[in-house]
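For reference, the chain that follows is the form predicted on its own, supplied as structure tokens.
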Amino acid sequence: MGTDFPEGFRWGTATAAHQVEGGNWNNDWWAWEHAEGTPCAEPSGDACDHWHRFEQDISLLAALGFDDYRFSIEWSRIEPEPGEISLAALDHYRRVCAACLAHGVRPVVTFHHFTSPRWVAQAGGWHDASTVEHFVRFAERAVAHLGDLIGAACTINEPNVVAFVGYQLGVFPPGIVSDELFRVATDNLLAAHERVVPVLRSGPGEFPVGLTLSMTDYQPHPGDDPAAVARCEEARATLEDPYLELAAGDDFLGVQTYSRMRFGPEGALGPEDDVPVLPMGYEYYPDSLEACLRRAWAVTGGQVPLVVTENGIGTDDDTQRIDYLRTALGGVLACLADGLDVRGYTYWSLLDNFEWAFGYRPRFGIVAVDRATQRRTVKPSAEWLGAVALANSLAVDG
């Protein structure tokens, strides 16, 4: 197996509007952060002030060597009330796309990254079929304004997380624990993706459209125990397979993975002894990326190109981050050597940002942010990964 990636392989880094922009008070997450008894460690506040500093941040990531920037557009800014469209907000995101292109970076636009306007949540959120209609209408208006500048589009970020964490764990909005509403929300998210793909393809502009899926390397322990194997299969069938099957007609599938989950005969197991546990509570396990790419390829029948749209590590140890990346990217090379069509790698995240219920404690960024001054500081991992991107090769290590 070589150390070089194929010609045209794309290198990116990512953010999401609510996690970096600051001041997104009109969505369900801001309300959730400030609700009495919230599970959130802290509110998002000014975040990284990316709303005002996007030019600086895009210039920085381009200088580091990245040629993709994946970011999301904030629905609650664009449509603050039902049917009321803010041209000022759309023009802002048009400037973000234009700044990417001016720096030789492809804008990879996510149309929904966890947050919905307050009025959508009040109307029922993802467990109400009206949200599908609202989202399709929003996408129509947004792509009409931005489409000619978009390089690639992601419809919904990790819809399986929106459904599972919001309706089974109760840690994301709407904070409900209900098997029935989880199934309803899942069906609505699947329908929203299916309906919005042709909307985005209708232009203006021509760009690939796909879904991004949270995937986990589910492992039975012991590996030959039928009950443990069945637990893993049940998790995959519930959380991944419906989306993998839906992706069959898309231009790409975004694979997003961070770690593994072990299952015993009785259910989920905790971290294995002697395996480091990261601030998010899961194991340091970079091999999960290769495993999930291989599973996505197998389930989709090798018919849908794969892009790693998120992968990374939240840690205060930047040397550990580089080690994680080296192993994870080695897994991508192994997949490529075996004929998998993997077209790019996007690191999560560009900036240390608001990690949802965990607040600002987990540091996924390759660029540090002093939130008192908003000063950006490039970490060694950014320089390392940027050098890999520029060389299109892991040979920078040797």
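Everything quoted here is computed from the prediction, not taken from an experiment. From 1 onward, residues are counted along the sequence shown.
Keep in mind that the form predicted together with a small molecule is missing from the display, and what follows is about it.
Given the small molecule in the model of the complex, answer whether the residues Gln19, Glu310 and Trp356 all have a heavy atom inside 4.5 Å of it. Checked in the model of the complex: all three residues contact the small molecule.
According to a 4.5 angstroms non-hydrogen atom cut-off, is Met280 in contact with the small molecule in the model of the complex? Yes, Met280 lies within 4.5 Å of the small molecule in the model of the complex.
Using 4.5 Å between non-hydrogen atoms, is Tyr347 touching the small molecule in the model of the complex? Outside the cut-off, so no.
Though only this chain appears here, would Phe66 touch the small molecule in the model of the complex if you measure heavy atom gaps against 4.5 Å? No, Phe66 is distant from the partner.
In the model of the complex, does Arg295 come within 4.5 Å of the small molecule, counting heavy atoms only? No, Arg295 is distant from the partner.
Using a 4.5 Å cut on heavy atoms, which of Ser72, Asn157, Ser288, Ser116 is close to the small molecule in the model of the complex? Checked against the cut-off, the match is Asn157.
So the small molecule isn't shown here. In the model of the complex, which residue out of Thr315, Thr186, Gln256, Gln168 has a non-hydrogen atom within 4.5 Å of it? Exactly one residue meets the criterion: Gln256.
Thinking of the small molecule in the model of the complex, which stretch from 256-264, 87-95, 72-80, 196-204 has heavy atoms inside 4.5 Å of it? Going through the listed ranges, the match is 256-264.
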